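Take a look at this single chain, the form predicted alone, given in structure tokens.
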Amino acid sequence: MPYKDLREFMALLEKKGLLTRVKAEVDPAWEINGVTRKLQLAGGPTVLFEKVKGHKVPVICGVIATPRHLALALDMDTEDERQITEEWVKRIDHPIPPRLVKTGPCKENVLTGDKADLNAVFPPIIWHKGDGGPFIGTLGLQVTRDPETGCQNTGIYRMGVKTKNETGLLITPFQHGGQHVVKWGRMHPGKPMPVAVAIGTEPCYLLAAGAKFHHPPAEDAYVGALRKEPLELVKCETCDLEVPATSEIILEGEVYPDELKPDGPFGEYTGFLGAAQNFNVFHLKAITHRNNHIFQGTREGAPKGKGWVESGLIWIKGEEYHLYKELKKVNGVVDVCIPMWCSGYHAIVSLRTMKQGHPFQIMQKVWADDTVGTIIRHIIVVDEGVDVRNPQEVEWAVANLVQGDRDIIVIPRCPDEVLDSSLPYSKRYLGAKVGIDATMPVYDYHAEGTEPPPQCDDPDMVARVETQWQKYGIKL
């Protein structure tokens, strides 16, 4: 059964012991940062800060803290990532259009004019020690509309607070929202483009915002597919954009395509502190919010140890699910993984090789994809028996099966994204792609009339001893 709002999902997480409440007062200048990073390293749980110093609004972080949280958002209770992937792909093949309603809980309070003040809804959280100020948009879900097709898009783009009614907006051209800004500037020169921001939504809307989909339909219909029920939307107060009716907070505003201002520094999902750069500017026009609203945000950063990072789980898994769906159309593809700890830049594909050059054909298909081809820089193709979610197995394949002059391909001057820390700032947006064929060179062996050496894992022997393990008296 789908969740009607964030609060209902929070109640389930708490019931299952996956949400904890911090009742002590916390300082938004540093304590939320420290606590959320500690929980990221530990792999959860979700945390609700009930008392934030100097503010009345509680803050929730880590709503999608682990793969199990993600599964629960889909009304599944599992940690099996392959199972989650296959269920996701099956559901999005059947989009369910949203249902427009006249009003909803997000309209319980309407603030316009001077009352539209970010300070009224947002505790000034410093998410990382080196940030240039508070960021309201770490999990703000931006809604835009394609000025050519009319199709809405929902994405997740960071927003650094500048004044009570102005923020930065990192929205780049390889993202649908950024493409809308470019189109709008071409079609309506000098005029601002409407943008709405939903904060604190039911979990499938959050997952869809971070995922990769072909338009049309809009993310709203894919949300319906993920939750198996139409999503209820309401019209904004100041524009024709449609937003989730049960959102905790809605920000309504506009962006001038040609207006750029310095934004940052900010701690990014890559694990590096990004320097201040010129990005678009969001001008606030109105705020609507629920009674006793909750602010939802997240601390960006790279996962370490056994931990997870919420933003990575949301968008990197969405990237992986999209790529899995597209590559499964190709004969021989078995599984796909985009590792969380690689910032979305690596893709690992297991393949049942069916012809010479097959691995390199897979690489070309990935880089040609118009939704993930820009972000994925490195691709490793392994044999079907290698577990793409096990780094040890993948490294074993690279170490034992790769010849540098035969199996590595480098393609220079490809589209790249703005947060690529391997390039200095002046050279970003244009980088190199690297592909590694770590499959057994079967055809090279056959060309000389021999067979590849067999592996010596002996899984049948292992299975036999496991059936009588108590006999050996060995505790694992």
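Model, not experiment: these values are computed from the prediction. Don't overthink the numbering: it's just position in the shown sequence, from 1.
From this point on, the text means the form predicted together with a small molecule, which you will not see here.
Picking from 110 to 118, 174 to 182, 280 to 288, 234 to 242 the stretch near the small molecule in the model of the complex, with a 4.5 Å limit on heavy atoms, gives 174 to 182. The small molecule is not shown here, but in the model of the complex it comes within 4.5 Å of a heavy atom of residue 319. Proximity of residue 220 to the small molecule in the model of the complex: non-hydrogen atoms within 4.5 Å are absent; the residue sits far from the partner. Proximity of residue 127 to the small molecule in the model of the complex falls outside the 4.5 Å heavy atom cutoff. Heavy atoms of residue 154 reach within 4.5 Å of the small molecule in the model of the complex, making it an interface residue. Think of it this way: in the model of the complex, the small molecule has a heavy atom of just one of 145, 377, 227, 212 within 4.5 Å, and the residue is 212. This chain is drawn without the small molecule; in the model of the complex, the residue among 165, 246, 343, 311 with a heavy atom within 4.5 Å of it is 311.
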